[in-house]
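The chain below stands alone and is given in structure tokens; this is the form predicted on its own.
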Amino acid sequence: MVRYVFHEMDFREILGNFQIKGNVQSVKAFGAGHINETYLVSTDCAPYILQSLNTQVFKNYEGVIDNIAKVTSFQREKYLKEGKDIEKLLYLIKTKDNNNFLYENGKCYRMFNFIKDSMVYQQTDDLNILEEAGFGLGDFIATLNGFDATQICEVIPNFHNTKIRYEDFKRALREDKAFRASAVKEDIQFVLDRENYCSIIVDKIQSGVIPLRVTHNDTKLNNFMFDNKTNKFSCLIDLDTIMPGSLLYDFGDAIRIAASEAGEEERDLSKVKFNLDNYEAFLKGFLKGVGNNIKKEEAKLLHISAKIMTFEIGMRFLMDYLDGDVYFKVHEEDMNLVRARTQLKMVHEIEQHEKEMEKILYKYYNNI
């Protein structure tokens, strides 16, 4: 049964403001996102994606959409110059006033083209798919090489500034608002013992050793689209957290998910293991996709970035647990602690495999 999401009048008013082709046939709720309201709009000419952006989460909604518009326009021009298929790129559909969004009755609406014949994976152990995902991330970075990342804004300031995240953690520890610190002393000490991890990427960006680039900042597998016939990479979706940063953020966060043999909410920590084969497949694809668009100083830190990004998210989960679960949604009282422990166990796992990870990096990247 089709679930129509607007009353007929709202339906006409909202969609009538956008430059879409054909007559609207249906509007259905689409996807499984928890932040924005997403709908599939079908016309007799083409399908589209309509979203109502969550302005409580993204208070700077104009900055979010402006970032997307700038980055996707640059990608499109690059693809056209290189003769690549632009139908596999995400882009914004303009309003009839030539704007990138519509603000109506306190809501922000935007539209995208629909990527046809594509699908996503929630998780996979298929090394070919992981290699293709790695290629996709590398291609994303390569395509945006030359884009001035200072043109886009930080929609979430200091999102991956690990030094600031560490200071926030120490503040949470001092305040101990939920009176939980005494019960998690070992977890706290694990974080405190690794303070040196926090400056490795941040300092190199600030000194200019590592270039500032466009980063996606949410490179979990289900944000990679694949052709549903060939399993070849199509494009990255969910572009709301595009910001200036380091490619190491995106690579490290992707490995955090792709190379883990357990989910973030696994209570049995014996199941939390680092999969070297998954890491190698993703790394191989990534280096193929990024080509010569990566700097030597960036490449040298690829294997380390997985440790840093996993440490950062584990620290954030533990901080939120100490604060009384005010940031991440929980469905059980200790869920943020469970999440923190899976990530910190993964940090330990990566530490144990670091030399092997470096050898694999040398195997595919010969300029170090």
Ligand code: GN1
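Numbering starts at 1 and follows the sequence shown. Only a predicted model underlies this, so the values are computations on that prediction, with no experimental measurement involved. We call the rigid core the largest set of C-alpha positions that still match within 1.5 Å between the two forms.
Keep in mind that the form predicted together with this ligand is not shown, yet the notes after this line are about it.
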### Task
Report whether the minimum heavy atom distance between residue 338 and this ligand in the predicted complex is within 4.5 Å.
no
### Query
Would residue 86 show up as a contact with this ligand in the predicted complex if we use heavy atoms at 4.5 Å?
no
### Message
Within 4.5 Å, heavy atoms only: does residue 238 come near this ligand in the predicted complex?
### Response
yes
### Message
Under a 4.5 Å heavy atom criterion, is residue 164 part of the interface with this ligand in the predicted complex?
### Response
no
### Task
May I ask whether 300, 302 and 354 each come within 4.5 Å of this ligand in the predicted complex, counting any non-hydrogen atom?
no
### Query
If you check 78, 267, 220, 232 against this ligand in the predicted complex, which one has a heavy atom within 4.5 Å?
220
### Query
Which among 238-246, 136-144, 94-102, 170-178 is in contact with this ligand in the predicted complex, heavy atoms within 4.5 angstroms?
238-246
### Message
For the stretch 143-162, I need every residue with any heavy atom inside 4.5 Å of this ligand in the predicted complex, listed N to C.
### Response
156, 159
### Query
For residue 57, is the C-alpha shift between this form and the one not shown 2 Å or more after core superposition?
yes
### Message
Checking residue 213 here: with the core superposed, does its CA move 2 Å or more between this form and the one not shown?
### Response
no
